[in-house]
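Next up: a single chain in structure tokens, the form predicted on its own.
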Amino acid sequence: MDQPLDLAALRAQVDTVLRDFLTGKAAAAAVQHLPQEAARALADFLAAGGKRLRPLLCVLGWQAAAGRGPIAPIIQVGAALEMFHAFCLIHDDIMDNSASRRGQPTIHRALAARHADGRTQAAAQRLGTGTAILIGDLALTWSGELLYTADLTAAQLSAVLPLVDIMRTEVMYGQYLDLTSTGHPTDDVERALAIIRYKTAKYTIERPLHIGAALAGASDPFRAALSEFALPIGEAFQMRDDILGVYGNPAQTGKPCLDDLRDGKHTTLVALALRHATPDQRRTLSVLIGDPALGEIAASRIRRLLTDTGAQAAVEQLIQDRWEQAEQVLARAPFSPPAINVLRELAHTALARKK
């Protein structure tokens, strides 16, 4: 495919696939006298927003490898990746006990409120958590169904399935590293980078590009070239998220700016601050970060310390270094020119974003 991709049109097509699929699931549930609420809650979650970055990168990987033939199956594979992402986000919000996502209550909070009548608050919260876990499980199951029904050839399916399996495994390991590090941040920058690599860089950028390229029949060396671009951009993408999680405006990001600090997330930003802090600064950060009752005044104190230790500037430099590394890859990559242009645009937009 030699023409530039219309990203807005691609997002709309992915959304149509997801909407039609979940409408069908709700209708089938009604016929079978099963709860339609599950499919509708998932549809509402997906309709609330999202950058659809993974589906776009899947199609871009296909285009970068000079994919030919109908694009509809590629878009449906991208929709399957977005459905899997919904599973990840729903379970992630439960594990982090997050109150909001994309400016709206998280699914477990919304379901707890919906079923609160006649129940104690604790019972409603347990129900909200349990039903949200099940809806996340449905998203995982249905992501597989979308993949298997995407009208792929046998060769395409054979090439893609191992990559999907690897992607799922990597993100679970990344989430495990994140959970076991949360609440006990240290100056271990290498561990923070390992969390970023497995939870974000590979999952968000590298594997969607690999999957799209595999659909076009790309070779292993071609996928290796994609990795050279994807991993630094993915790491930079998460570092930008970490900065926004502390300094961002909730009205723009759709998430509170205290959650990461209250949870004590082991981010590169925090690790660098602890590494370069004076003894007094380190003691203050160790006391405040991870305090579940952290308020805005104390959070402002943390932000000043993150700035004073040079951690914020250091992370901004790491983001810039990785962008330049990825730019050098694009300058010599064997990708189709239209794909290179869009990859560059997407990377710039992701790293410069305010939300």
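Note that residue numbering follows the sequence shown and begins at 1. Computed from a predicted model, the values in this text were never measured in an experiment.
What comes next is about the form predicted together with a further copy of the same chain, which is not displayed.
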*Does a further copy of the same chain come within 4.5 Å of any heavy atom of residue 151 in the predicted complex?*
no
*May I ask you to state whether residue 175 is within 4.5 Å of a further copy of the same chain in the predicted complex, using heavy atom distances?*
yes
*residue 287: heavy atom within 4.5 Å of a further copy of the same chain in the predicted complex?*
no
*Should residue 165 be counted as a contact of a further copy of the same chain in the predicted complex, where contact means heavy atoms within 4.5 Å?*
yes
*Go through 156, 281, 227, 182 and name the one with a heavy atom inside 4.5 Å of a further copy of the same chain in the predicted complex.*
182
*Given that a further copy of the same chain is left out here, which of 113, 99, 133, 72 has a heavy atom within 4.5 Å of it in the predicted complex?*
133
*Assess the spot marked by 186, 231 and 314: is a further copy of the same chain within 4.5 Å of a heavy atom from every one of these residues in the predicted complex?*
no
*in the predicted complex, segment of 234-242, 75-83, 267-275, 166-174 with a heavy atom within 4.5 Å of a further copy of the same chain*: 166-174
*For 73-101: residues with a non-hydrogen atom within 4.5 angstroms of a further copy of the same chain in the predicted complex?*
87, 91, 94, 95, 97
